[in-house]
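One chain comes next, on its own, written as structure tokens: the form predicted on its own.
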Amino acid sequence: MKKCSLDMVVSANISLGDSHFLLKFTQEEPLPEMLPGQFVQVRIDNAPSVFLRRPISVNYVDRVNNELWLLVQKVGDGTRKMSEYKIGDTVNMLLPLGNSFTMPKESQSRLLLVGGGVGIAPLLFMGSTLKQEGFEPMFLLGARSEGGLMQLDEFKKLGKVYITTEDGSAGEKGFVTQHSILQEPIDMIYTCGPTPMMQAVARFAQYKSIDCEVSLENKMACGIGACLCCVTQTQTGHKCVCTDGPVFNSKELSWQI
């Protein structure tokens, strides 16, 4: 898939609480093809302390309005600068980067997409793609408290949504791996979020012999496999998350599962 360097225009900047926000970008030409699980590298201009682009998962591609959505968490100078973008600002980004989630087999009808925190971002695009292909995805979304849950209305348009919060303020109390939906038959799991959460989901999938794909969120610099700072250990050696991933079958990874 061809990679592009595009100057995108901010069409919306929506606050989703103290630490998260949703950016929407557009351009005059139709957006290039993008697949669920891929990411973009955003150049941060006019920020003296930020030297590298920031990797952000594709949250959604709105073909009707020709918009690219990015769900972002403020964690450093780069993302804080992004939170200040205004409608009409021009932002350069490289896209699309990385591989994508794989589509399930026709026989795999019970599909569960598990996300925690900002890790829910790529699951919205994946859920939309599954829906378009005739599947009925289910979503299991976790947060520390009700205030950390995001985009619930968007997810509910695509399938059933199940929730866990650590403090019990919404959904079932506990972690995603403790939700009662996991007692029902599941054919395939897609997950993204904090590494401990994904490891726990992968252990559950391995125990139940369920196919599982994880989207890693390693720190990245170049996004094209040149700097090697995002390398992860797999069963077949070291691989770059930005080019060989970010999506891996959980069985490929050398996690202690």
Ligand SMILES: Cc1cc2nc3c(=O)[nH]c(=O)nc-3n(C[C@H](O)[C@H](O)[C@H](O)COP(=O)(O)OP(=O)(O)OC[C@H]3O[C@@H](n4cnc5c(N)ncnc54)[C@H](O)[C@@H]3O)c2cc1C
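Note that the structure is a prediction, hence the values are computed from the model and not measured. For every residue, the number given is its place in the sequence shown, counted from 1.
Omitted here: the form predicted together with the ligand. The next part is about that form.
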Identify, from the list 72, 95, 149, 130, the residue with a heavy atom within 4.5 Å of the ligand in the predicted complex.
-> 72
Determine whether any heavy atom of residue 123 comes within 4.5 Å of a heavy atom of the ligand in the predicted complex, and answer yes or no.
-> no
Mark residue 217 yes when one of its heavy atoms lies within 4.5 Å of a heavy atom of the ligand in the predicted complex, and no otherwise.
-> yes
How about residue 118: is it within 4.5 Å of the ligand in the predicted complex, going by heavy atoms?
-> yes
Taking heavy atoms only, is residue 55 within 4.5 angstroms of the ligand in the predicted complex?
-> yes
The ligand isn't shown here, but in the predicted complex, which of 104-112, 173-181, 73-81, 141-149 has heavy atoms within 4.5 Å of it?
-> 73-81
